[in-house]
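In structure tokens, one chain follows: the form predicted alone.
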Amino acid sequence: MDVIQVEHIRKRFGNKDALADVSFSIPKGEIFGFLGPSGSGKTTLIKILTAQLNATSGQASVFNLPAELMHQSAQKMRFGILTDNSGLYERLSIEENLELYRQLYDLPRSSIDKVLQFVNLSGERKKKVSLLSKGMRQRVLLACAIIHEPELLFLDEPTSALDPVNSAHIYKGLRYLNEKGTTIFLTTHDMAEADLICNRVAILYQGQIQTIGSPEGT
């Protein structure tokens, strides 16, 4: 079963196409890499698939439903998302931020311990977000995205601010999530990262997919 289907998606801003004609599908259980330089349209597509933007033309579906419906509460429960506009409450601690998500999803208290271990922040749980480095913020945002172990996970360059040790820790955790059944849509500009973790990759350039296939063959 395909979790995501994208058919001839085009997104135009003013007189410029951010996405020109994009088509692909992602079956359940896959880690799919969406590669391309900054400004190539990767984030725009995630925003379309999560109902933050409407496409200019074409069709996209998630869970066999029109992507426009992903703003509904019942659908939001099914996916997690980390993008450049994800936010945290600055005056709260890491743990307090996660507590808000725990309550939102009606999860057991143990879910916070579990997700802090996942992102390698168990010892920093009481630290205020305003005092965190960019890399630590990125890990807290990832924890918020995965605390409810979603069916589908959208990650927009999740390791861009992380050092190699923490990146490796996150890769291990993502593989674990994937083995438990989570489908992952991952954007990156790093082919080495895609080669490490993705089953398939699509390379996006100037709003169009140039090639799609296994990392070794692209």
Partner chain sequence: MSISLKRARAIFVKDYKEFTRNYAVSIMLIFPIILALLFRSVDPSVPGIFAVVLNLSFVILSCFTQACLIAEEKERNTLRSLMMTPATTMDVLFGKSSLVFVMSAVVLGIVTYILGYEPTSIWAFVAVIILSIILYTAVGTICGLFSKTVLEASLTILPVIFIFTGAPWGTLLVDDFPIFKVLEYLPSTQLVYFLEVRNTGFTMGDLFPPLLITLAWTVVLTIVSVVLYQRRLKDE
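Computed from a predicted structure; not experimentally measured. Positions refer to the first chain, counted from 1.
Quick note: we don't show the form predicted in complex with the partner chain, though the next part is all about it.
Considering the partner chain in the predicted bound form, the lone stretch of 22-30, 176-184, 156-164, 42-50 in range is 42-50 [heavy atom distance within 4.5 Å].
Candidate site formed by Leu88, Glu96 and Asp106: every one of these residues places a non-hydrogen atom within 4.5 angstroms of the partner chain in the predicted bound form. At a distance threshold of 4.5 angstroms between non-hydrogen atoms, Phe118 is out of contact with the partner chain in the predicted bound form. Using a 4.5 angstroms threshold between heavy atoms, Lys76 counts as touching the partner chain in the predicted bound form. Using a 4.5 Å cutoff between non-hydrogen atoms, Met136 does not count as a contact of the partner chain in the predicted bound form. In the predicted bound form, Ser57 stays away from the partner chain, with no heavy atom inside 4.5 Å.
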